[in-house]
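Presented below, as structure tokens, is a lone chain in the form predicted alone.
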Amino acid sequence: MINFIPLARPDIGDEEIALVVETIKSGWLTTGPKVAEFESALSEYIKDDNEIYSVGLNSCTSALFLALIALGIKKGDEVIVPTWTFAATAQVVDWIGAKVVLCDIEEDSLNIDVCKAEKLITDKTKAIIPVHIAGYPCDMEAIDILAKKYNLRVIEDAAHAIGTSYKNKKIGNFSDITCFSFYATKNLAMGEGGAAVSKDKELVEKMRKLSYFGINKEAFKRYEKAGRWFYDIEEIGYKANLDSIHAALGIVQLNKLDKMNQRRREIATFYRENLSNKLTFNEDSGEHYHTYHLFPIRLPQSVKRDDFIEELKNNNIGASVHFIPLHLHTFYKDRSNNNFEVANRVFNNILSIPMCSAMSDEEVKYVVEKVNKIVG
């Protein structure tokens, strides 16, 4: 019997281990040179026509939260968020006292429906947070037009989309601020970690200051020989800085990212070509570069999802559902009067099957074999 195949696992090798050990031996465990090295490499990886600036953080959630503050979103403002996302995308809006306005999604991509988003705009709407679900890019051209028309700030939740491209340009080149996740299951895995990137250097430096108690940037140098003991708290801040150990993992992972993303695309192609024609899949496109953080499938109405997932588990295959739409959760259901026709329909029969670059060909074929057998 094949060993259990989890939904995702990090693709970690000897290079990551060696650099982590080297970093630990250096004695610099918190924010330091390795963080700066990772930020520089990330900016270089993403940039296209314009310079990109990066700040490493302890999570994508922190990045989203600090982005809202840096852009001046405040209590009483409204922020449009797709209902098809994880709690973090919406809860950061609640944390600052702004109002979450949930929006329905496109059926083929699971990304925010821009036409429906426009209908939700009021004079209190100040920002929109598109989410690139599963690594497939949102329609950034349409979102840019919408933002300019209504003077909205755009914060991309790119937790699933490191390395994703929209019209041959990497995600991270389009909006005011783009936020990435480097959680253990992500395409680039640090265990914990995230980053925010922008073409606006002042915004990034604002977020850097906010990430460490509002202290000026000299604070991280005060334990170096050339540093000074003095530091100044210039405004209220938080504790969200990235540490050197996780950054060391990120440096190696970033060097491997394109190769790992290409492996995900190979697995996705095999799935699409060999899984039962009773299943349907999310959108793919030759116009964009889909990085397949997830591979959702949609079951025929005759198959009960819970039974299907349980049968996968009995065959040593992990699965999950991404996501339970936010408007179905207790905290949000009484706060939203919008129509979520598409999200409700899709949610009834969708689940994610294993997808990670560390999967072997044998594991991929085994998943296909068992899924096809169970679906009948």
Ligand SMILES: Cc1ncc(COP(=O)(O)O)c(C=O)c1O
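One rule holds for the numbers: they count along the sequence shown, beginning at 1. All values derive from a computational prediction rather than experimental measurement.
Just so you know, the form predicted in complex with the named molecule exists too; it's not on screen, but the next bit is about it.
Novice: Within 4.5 Å, heavy atoms only: does residue 86 come near the named molecule in the predicted bound form?
Specialist: Although the named molecule is absent here, residue 86 would touch it in the predicted bound form, with heavy atoms inside 4.5 Å.
Novice: May I ask you to check whether residue 250 falls inside a 4.5 Å heavy atom distance of the named molecule in the predicted bound form?
Specialist: Contact check for residue 250: no, nothing within 4.5 Å of the named molecule in the predicted bound form.
Novice: Can you work out whether residue 172 and the named molecule are in contact in the predicted bound form, taking contact to mean some heavy atom pair no more than 4.5 Å apart?
Specialist: Heavy-atom contact with the named molecule at 4.5 Å: absent for residue 172.
Novice: Given that the partner is absent here, does residue 59 sit within 4.5 Å of the named molecule in the predicted bound form, heavy atoms only?
Specialist: Residue 59: yes, in contact with the named molecule in the predicted bound form.
Novice: Choose one stretch from 234-242, 103-111, 156-164, 262-270: the one whose residues place a heavy atom within 4.5 angstroms of the named molecule in the predicted bound form.
Specialist: Of the options, only 156-164 has residues within 4.5 Å of the partner.
Novice: Can you work out whether the named molecule is within 4.5 angstroms of a heavy atom in all three of 186, 193 and 323 in the predicted bound form?
Specialist: Each of the three qualifies.
Novice: Answer with one of 215, 299, 131, 143: the residue that has a non-hydrogen atom within 4.5 Å of the named molecule in the predicted bound form.
Specialist: Contact check passes for 131.
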